[in-house]
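Single chain ahead, written as structure tokens, the form predicted alone.
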Amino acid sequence: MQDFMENMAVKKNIKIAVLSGKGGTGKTLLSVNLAAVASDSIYVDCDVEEPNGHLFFKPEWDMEKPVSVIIPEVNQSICDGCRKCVEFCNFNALAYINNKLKVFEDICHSCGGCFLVCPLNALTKKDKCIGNVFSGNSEGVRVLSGIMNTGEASGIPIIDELLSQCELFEEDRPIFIDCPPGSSCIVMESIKDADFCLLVAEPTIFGRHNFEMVYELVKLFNKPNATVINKSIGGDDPIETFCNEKGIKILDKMPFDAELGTLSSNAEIAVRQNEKYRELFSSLLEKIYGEVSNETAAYTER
């Protein structure tokens, strides 16, 4: 694998984002095994609402950092009740009640607009901790994970901190971004700097519906992409049909495998437990690197 990477026209700190339209498709299964088989790599768990990649890697944490955002605090002696901040806030985090301006901290998105529109500077900035990020090692893989405090409005600041932490490590390590499921704002934030998007889908009608949404998101960001169909059992496959209709490349079909499912359920990394899975995910990783190499060559020609 190392020789393969060295011979390819692709940067070694490639960022590979692994996405799925819904939970339960095998996104984390692929992410952790790809990072593990790449060995000297970085795994970033951006599913900050329910991170579980660390359950597989079981890293020895050596860093914990709180993540804070700025929210407004009211100086009631200055505020004259003009309500300009209330009118500005699209999230209804401000309200003027009983002749007092009230801040609903739990729904404030920390956009900072209220500070700008207040004519009397009656709002001051206050730090609010919304979660934490962690970093540790697991057999050559640097594991980065974050958790958002319950009830917070957005996990985007935590995702930004996780991705910025990648820059603190060696530049020649591939980065595997385990995105949140779906196609919401936090997914957009996870893939914005990705070099390649791997879409993971399960071969069901429900899976196809969600897969279409995440595929449209990747197209919107103009990201090189390909698909892996997980839990494939052959026969009619709505995901394969959709990919053929849209010209989406299918890199692999992961079999519906009871042993692989058991390892995953037990939070075991398959490539560290069985040589056949190491070969399976090594082959998939080479295909991914091949796709990135082709994209890099095509971009250079343009």
Partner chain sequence: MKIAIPADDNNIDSTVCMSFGRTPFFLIYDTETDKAEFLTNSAASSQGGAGIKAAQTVVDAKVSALLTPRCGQNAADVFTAANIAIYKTEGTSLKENITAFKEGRLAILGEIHAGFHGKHGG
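Fair warning: this is a prediction, and the values are worked out from it, not measured in the lab. Residue numbers count along the first chain shown, from 1.
Missing here is the form predicted together with the partner chain; even so, the following discussion is about that form.
Residues of just one listed stretch (90-98, 135-143, 174-182, 219-227) have heavy atoms within 4.5 Å of the partner chain in the model of the complex: 90-98. Residue 49 is the only one of 40, 257, 49, 268 with a heavy atom lying within 4.5 Å of the partner chain in the model of the complex. Out of the listed residues 111, 82, 117, 153, 153 is the one that sits within 4.5 Å of the partner chain in the model of the complex by at least one heavy atom.
Under a 4.5 angstroms non-hydrogen atom cutoff, the partner chain in the model of the complex has residue 102 among its neighbouring residues. When the partner chain is considered in the model of the complex, residue 213 lies well away from it, no heavy atom lying within 4.5 Å. Heavy atoms of residue 166 never reach within 4.5 Å of the partner chain in the model of the complex, leaving it off the interface. The closest heavy atom approach of residue 123 to the partner chain in the model of the complex falls outside 4.5 Å.
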